[in-house]
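First, one chain by itself: the form predicted alone, in structure tokens.
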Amino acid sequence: MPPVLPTDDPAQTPRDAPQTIDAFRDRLTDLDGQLPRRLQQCADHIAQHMDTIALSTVAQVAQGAGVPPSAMMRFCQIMGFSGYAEMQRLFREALSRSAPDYATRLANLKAGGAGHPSTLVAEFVEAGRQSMEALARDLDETALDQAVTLLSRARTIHLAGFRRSFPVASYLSYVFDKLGVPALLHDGVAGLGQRSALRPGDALIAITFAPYSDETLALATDARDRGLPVILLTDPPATRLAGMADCVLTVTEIDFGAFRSLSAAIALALSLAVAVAARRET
């Protein structure tokens, strides 16, 4: 049984364990920003790697989150579970109900010699397929339409995506240029933020995934302070970032070996660019 926790802190209020994956996601969202640092690390890591919980040990998940196993166990209790095994059972039951069992196939490929080039291709293709299916299933059409409306009215669209997000931002810059949409890529070369280029009538697309880029968040904050619309492309649940954007688009990327192909993010970015160009012509 979980220990009896004090009730003056929302993050420590005793609660029943979630019975579904959707309820688990909702619980993560409710607790976001209310947890101590290490427990927040647990929450952030699990939110981005929920596909791995069914097949990972508590030590592996804790290592991925950068916390000791005891912190991960504590996080499980705050979520309402007696421990990691009970939380993992929720994900294993969900996995057993899914058909076909692609996650298990992917796990078997990892165990069967992932160093071979053709095996790596198969694994990354499978991870990309799952990411694309998740995008199609979970897409917030209302948020996407709002983003297209805001961007289609912009004089110039600014693009910010540093570190791992840079391929998405640079590809958007390329597509906007080919479509004749004025856009400016903030690439951070020589440490230049290009913030002086932010002008009234412009808009910003900020792309960042956990752990979030400080440079991207700083530019998004600056754009908001100047009254520019900010469109945020990130991973769920994104609760902590919602206040710095007019519109939030989320995409879940299934990873393999801690590497993410950005397949779904690129697909969403391309769709956004084409939709904006089409809306500007009407």
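A residue's number is simply how far along the shown sequence it sits, counting from 1. Heads up, when I say rigid core I mean the largest set of C-alphas that superpose within 1.5 Å between the two forms. All of these numbers come straight from a predicted model, not from anything done at the bench.
The protein also exists as the form predicted in complex with the DNA; that form is not presented, and the subsequent description refers to it.
A.B. asks: Could you tell me which stretch in 144-152, 171-179, 74-82, 158-166 has residues with non-hydrogen atoms within 4.5 Å of the DNA in the predicted bound form?
C.D. replies: Flagged stretch: 74-82.
A.B. asks: Just to confirm, with a 4.5 Å cut-off on non-hydrogen atoms, which of M50, A218, V58, L241 contacts the DNA in the predicted bound form?
C.D. replies: In short, V58.
A.B. asks: Within 4.5 Å of the DNA in the predicted bound form, heavy atoms considered, which of L249, A245, L228, L39?
C.D. replies: So the residue touching the DNA in the predicted bound form, by this definition, is L39.
A.B. asks: Find out whether any non-hydrogen atom of G33 is located within 4.5 angstroms of the DNA in the predicted bound form, and reply yes or no.
C.D. replies: Output for G33 is no: heavy atoms all beyond 4.5 Å of the DNA.
A.B. asks: For A62, decide whether the Cα shift between this form and the one not shown is 2 Å or greater, given a superposition on the rigid core.
C.D. replies: Passes the 2 Å threshold, so yes.
A.B. asks: With both forms fit on the core, has T250 moved 2 Å or more by CA between this form and the one not shown?
C.D. replies: It does not, since the T250 C-alpha is displaced less than 2 Å between this form and the one not shown after the core fit.
A.B. asks: With the core lined up, does the C-alpha of A122 move 2 Å or more between this form and the one not shown?
C.D. replies: Shift at A122: below 2 Å after core fit.
A.B. asks: Can you tell whether A65 sits closer to or farther from R137 in the predicted bound form than it does here, judged by CA atoms, where the change is 3 Å or more?
C.D. replies: Compared with the shown chain, A65-R137 is closer in the predicted bound form.
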